[in-house]
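What follows is one chain in structure tokens, specifically the form predicted alone.
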Amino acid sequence: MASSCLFNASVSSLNPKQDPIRRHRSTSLLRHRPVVISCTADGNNIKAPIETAVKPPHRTEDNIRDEARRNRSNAVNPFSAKYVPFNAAPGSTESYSLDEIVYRSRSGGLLDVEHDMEALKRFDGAYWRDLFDSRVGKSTWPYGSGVWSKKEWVLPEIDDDDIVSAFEGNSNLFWAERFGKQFLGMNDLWVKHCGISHTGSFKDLGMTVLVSQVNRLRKMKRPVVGVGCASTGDTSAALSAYCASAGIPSIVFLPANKISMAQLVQPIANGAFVLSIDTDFDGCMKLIREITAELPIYLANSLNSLRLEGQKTAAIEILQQFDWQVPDWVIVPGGNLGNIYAFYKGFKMCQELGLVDRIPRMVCAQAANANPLYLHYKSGWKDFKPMTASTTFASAIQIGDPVSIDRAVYALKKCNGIVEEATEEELMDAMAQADSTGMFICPHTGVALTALFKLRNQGVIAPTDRTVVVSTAHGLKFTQSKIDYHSNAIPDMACRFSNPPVDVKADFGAVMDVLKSYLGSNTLTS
């Protein structure tokens, strides 16, 4: 009886036209908490909020987890999610609980996390906008996280106690004012700095979800002895940090001598069991899939669709940061290609649930030395051919056989998307240009900026188009490439925007001469 009576009440009071909450958020967010309508045995309706409406005062002996437990509602959670085959044929009934350890469908295809959209649609777009906005920047467990502030859309059934979070997300949306005006003639260019996160990359967004679910499975006594991944650097950093926080063993397969020292040291410092393997990322990926099929080690790569549930929240954040106005373009670097689909999924959920009325066009940017998606796109989406990726400064996307190729193609077709590529010189020049205007970006962001240069020059992106470039990792992880560039130490590269230090004697006159030459005598005498 209770389930059949769920949501048997009107939610018309959530109409923002009838309520000033959108303009005066401080007046009352309480009446906009999710409301569950359940039924007693005699059929009477009982209303109960998913979250406690009136938050009791903080007790000094509580930590934030204790406080969350104390304030927890006893209401029935109406939201749920499950695994289904990705892009399944109409009428497919194949599905799996998120508590099952499964990575592929029966046919061997990818899986996707499917939410109960009808339950989510019981609340209108204005409600979801206000709920998500009300949680931003708070210390309330776990909703202060940029990921878990959207918990109902991510892992709706997980207990707050099982969540492993570093309050990731909520990353800076940087107005690239000088870069846009000086190099592109644009005044509405933005860079979403996903690398300003716990371990310095967007991978934190997905890993908090995956490790939280593993934490739940281990508490359920499921056979999971640890979590493993193949990595070009950032995945291993995120996995090891979140596993260390939860006390879960992590195992990392890294391609030997193919990642930066800053990326290598993170999993080592976090206590991961690190295997340096004489192969490339694709070889590591093949091995980890074989190993996790034989040992009770949970697979953490983006083949696992839980990762994408966290990564999609960056798209929702972008909309939040524009006060729910949709940008014209979003440009994402692509390697294993899960992230381009994750962004599409975040935007699409917002459209389907009425938070926005459209989605942006998306661009996937690849390094020319590892560009299987670009070649597939240029062939008119004919038969995809994996490749052996060559060395690239954008090492995190040095992937020739991307796991999420089908996801990426689906997303790009649905949003009328584009794929572009960047040569090594183009991506390094773009990185140096961005850095010279106050940014400090990774080479992968240089790939995305190169795509922007090309699309602007072709007239595809207009000077007034609101454009967001996704920066996937922090520039501090790639300092050696910057040192080599500014030292003019990269063979066969002009390094046009290098800015090497000037050697000068420790002498007043010598220093003055150098400064006068740099500043110009007219500047000093005017």
Ligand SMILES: Cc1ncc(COP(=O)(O)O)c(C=O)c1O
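Note that the structure is predicted; figures quoted are calculated from it, not measured. The first residue of the sequence shown is number 1, and the count goes up from there.
Same protein, other form: the form predicted in complex with the ligand, not shown, and the subject of what follows.
Counting ligand atoms within 2.4 Å of backbone or C-beta atoms, the overlay of the ligand from its pose in the predicted complex onto the shown chain yields zero, and the pocket is open. Segments offered: 146-154, 383-391, 195-203, 180-188. Contacting the ligand in the predicted complex at heavy atom distances within 4.5 Å is 195-203. At the 4.5 Å threshold, heavy atoms of T467 stay clear of the ligand in the predicted complex, well away from it. Shown alone here, T313 lies farther than 4.5 Å from the ligand in the predicted complex, counting heavy atoms only. Shown alone here, E309 lies farther than 4.5 Å from the ligand in the predicted complex, counting heavy atoms only. Remark: N339 counts among the residues lining the ligand in the predicted complex, judged by a heavy atom distance of 4.5 Å or less. Checking E317, E420, E168, D234 against the ligand in the predicted complex, a heavy atom within 4.5 Å turns up for just one residue: D234. This chain lacks the partner; the member of C284, I441, I397, V214 within 4.5 angstroms of the ligand in the predicted complex by a non-hydrogen atom is I397.
Shown without its partner, the chain has no residue in segment 500-517 with a non-hydrogen atom within 4.5 angstroms of the ligand in the predicted complex.
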